[in-house]
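This document opens with one chain alone, in structure tokens, the form predicted alone.
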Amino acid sequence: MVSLLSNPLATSDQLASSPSQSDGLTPDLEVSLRWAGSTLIQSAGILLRLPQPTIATAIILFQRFYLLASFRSFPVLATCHAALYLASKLTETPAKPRNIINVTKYLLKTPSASPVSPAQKEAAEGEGAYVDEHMYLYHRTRLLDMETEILKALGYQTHTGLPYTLTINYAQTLDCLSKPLLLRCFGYLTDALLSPSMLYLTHQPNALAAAALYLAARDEKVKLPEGWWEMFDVDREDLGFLVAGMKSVEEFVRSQKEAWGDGVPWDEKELEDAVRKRLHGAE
């Protein structure tokens, strides 16, 4: 029986060579598409007023799926829709397909605080955020089809253990529980969902919780006992890797925003154009 506090992790073979790279995508383009999809899910989940555990579950399902499938076979936008829809059902906070589709269209066509939203000038020149009935039915059909594809690819194994509750328990155990500390912890855990290293797919929730607590305690100048992470079955080497990974997310996101100034390739045609452009640039 799967432990509620552990997750199936990516294998070394999956990390070394993905279906997308075998399908002709460069590693940097794959990383960028994974970031864009995860960011869209995070932004859409906030506007849909979904709890963070639901959003995190959707991002993890999205990232797991693309360990097993190619971006060229399954476009990012439809997978984002399906991951949000599936996660909302799994966490008993259901979101309607229409709301998911409307919110993502709004984010992609209207300036907002989201890194994947267009700039003011681009939005003014582009199409509006309105989704007519024809387009809604089209995206809804793709959403439901992609939900099936995700479930098939994952073998219907959708269990997702999250580190949020563990972080609270660890802080209580170490007698350092406070609102500012927890807010920083949750901030680092949310940042980790966007890491190019796929931290949620390579480490268990207990290690993620310990790393977030380590960084938050350092920021808040809270002194913790020497080697406290060993109490929670976390190796020093794993802790160091996760701490470095979480701290590097901010710079990574900044670089991605600059790289996608012309817009993220959300559908098949846009992706093929991006692949051709990168191939020509490498010649």
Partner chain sequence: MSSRWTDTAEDLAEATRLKEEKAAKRAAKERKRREAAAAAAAAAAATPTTSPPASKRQKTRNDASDAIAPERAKTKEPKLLRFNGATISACRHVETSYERLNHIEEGSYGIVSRARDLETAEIVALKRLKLERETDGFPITSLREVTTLMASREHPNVVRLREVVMGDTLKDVYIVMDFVEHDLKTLCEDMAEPFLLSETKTLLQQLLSATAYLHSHWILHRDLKTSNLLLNNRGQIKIADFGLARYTGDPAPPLTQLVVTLWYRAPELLLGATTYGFEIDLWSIGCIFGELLTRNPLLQGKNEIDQLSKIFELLGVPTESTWPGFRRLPNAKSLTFPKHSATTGSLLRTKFPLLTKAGVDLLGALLRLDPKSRISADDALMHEFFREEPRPKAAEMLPTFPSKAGQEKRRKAFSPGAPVRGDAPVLEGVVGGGVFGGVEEEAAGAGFSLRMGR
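The structure displayed is predicted, hence computed values, not measured ones. Numbering follows the first chain given and starts at 1.
Same protein, other form: the form predicted together with the partner chain, not shown, and the subject of what follows.
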{"item": "Which of 161-169, 107-115, 186-194, 82-90 lines the interface with the partner chain in the predicted bound form (heavy atom within 4.5 Å)", "value": "82-90"}
{"item": "In the predicted bound form, residue 101 touching the partner chain (heavy atom, 4.5 Å)", "value": "no"}
{"item": "4.5 angstroms heavy atom contact with the partner chain in the predicted bound form for residue 73", "value": "no"}
{"item": "The partner chain contact in the predicted bound form: residue 69, any heavy atom under 4.5 Å", "value": "no"}
{"item": "Distance check, residue 259 to the partner chain in the predicted bound form, heavy atom within 4.5 Å", "value": "no"}
{"item": "Complete contact of 78, 134 and 255 with the partner chain in the predicted bound form (any heavy atom, 4.5 Å)", "value": "no"}
{"item": "Contact set, 176-199 vs the partner chain in the predicted bound form - heavy atom within 4.5 angstroms", "value": "176, 178, 196, 197, 198"}
